[in-house]
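Let's start with one chain on its own, the form predicted alone, as structure tokens.
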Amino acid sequence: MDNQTRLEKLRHIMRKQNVDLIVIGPGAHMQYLLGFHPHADERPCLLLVTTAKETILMPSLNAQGSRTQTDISFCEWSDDEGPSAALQSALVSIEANNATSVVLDETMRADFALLLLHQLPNATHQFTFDTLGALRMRKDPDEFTVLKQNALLTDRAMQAGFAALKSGITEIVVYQIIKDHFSSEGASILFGIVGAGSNGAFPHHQTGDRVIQNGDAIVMDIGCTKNGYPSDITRMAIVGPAPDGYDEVHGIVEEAVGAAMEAARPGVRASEVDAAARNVITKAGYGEYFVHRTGHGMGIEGHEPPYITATSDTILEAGMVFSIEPGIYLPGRFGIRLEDIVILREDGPEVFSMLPRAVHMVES
């Protein structure tokens, strides 16, 4: 979808919701709308959008480089002038100096937001969830294509990690092999959790120098970025014989994944998907060991709405992309997490990965 189409879709939402002005700082929201964002630092830089016009409050330091990326008008300011007068000119130029209903980018710096609100003292304000956020949650076909390609690339990186596993190798060496595979396909590693044995019981384990041993169950949670979008997958491996109780717990987590997949349908609350996975694990007696949400959205950012949590009232819609990743973490023993990224279709979730969730066994 081209950037002008995205702006027009946003304006359609603004008209329906009687929003006068949307203000966006450098970051993922601006990247989504414009295809770029200037360097993010302490200098106020704001994209201002009304139902008819747009402009950018632009530090003069960044103007020349940014001009190669967009033909939107700039209201420039320099360090010796400060941004206030330029911001007032920007608001006047798009006829927003009397705006009373303003949507603010929740990720922008607080001082940027206060600068804007000082200029519009009578405006009510809210964040982007129902406007730009709602637009970003529904992925278009081009986004789906890139996300799918990245998922398949990550399948291959996971298989490279599997191939490296053996007794005596360290977590960090396996991480490096995965990282090198991403690089070989033109991607950059976004994260790489390799948690062996008891380290797998820490959901966000920091991959380190632990030596992998026979009998270790290994959590492998990896992701990359390529073409402006991320990937994310978690699979399990075992070197040598499985730890006591592993097969039972893996089966419970797999059942929880299946329950969440079955619950995920357009019109369903995100909390219902979380509950479907959580109920399986709780019924099996491991509820206290499922210590995180069932999933998170993914798009330009690796974590973005919708969040699949016990408290989320978000109504799922076709086109939303999110993870389903229940887990059980047994302190001092092992952890198991199985994660797939899905796009929600009218008849349910479509999984991006082609890699089975069955545990990868490595002979000792």
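For clarity, a rigid core is taken as the largest C-alpha set superposing within 1.5 Å between two forms. What you see is a predicted model; the values in this text were computed from it and never measured. Quick note: we count residues from 1 along the sequence shown, nothing fancier.
FYI, the form predicted together with another copy of the chain isn't displayed, but the following is about it.
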Which one, 148, 250, 293, 181, lies within 4.5 Å of another copy of the chain in the predicted bound form by heavy atoms? 293
Given that another copy of the chain is left out here, which of 109, 166, 156, 265 has a heavy atom within 4.5 Å of it in the predicted bound form? 109
The chain here is shown without another copy of the chain. Which stretch in 226 to 234, 101 to 109, 241 to 249, 157 to 165 comes within 4.5 angstroms of it in the predicted bound form, by heavy atom distance? 101 to 109
Given that the partner is absent here, does residue 114 sit within 4.5 Å of another copy of the chain in the predicted bound form, heavy atoms only? yes
Can you work out whether residue 274 and another copy of the chain are in contact in the predicted bound form, taking contact to mean some heavy atom pair no more than 4.5 Å apart? yes
Can you check whether residue 201 is within 4.5 Å of another copy of the chain in the predicted bound form, heavy atom basis? yes
Any chance residue 55 has a heavy atom within 4.5 Å of another copy of the chain in the predicted bound form? no
Restricting to 293 to 326, the residues within 4.5 Å of another copy of the chain in the predicted bound form through any heavy atom are 293, 303, 307, 309, 310, 311
Taking the rigid core as reference, does the Cα of residue 313 move 2 Å or more between this form and the one not shown? no
Residue 248: after superposing the rigid core, is there a C-alpha shift of 2 Å or more between this form and the one not shown? no
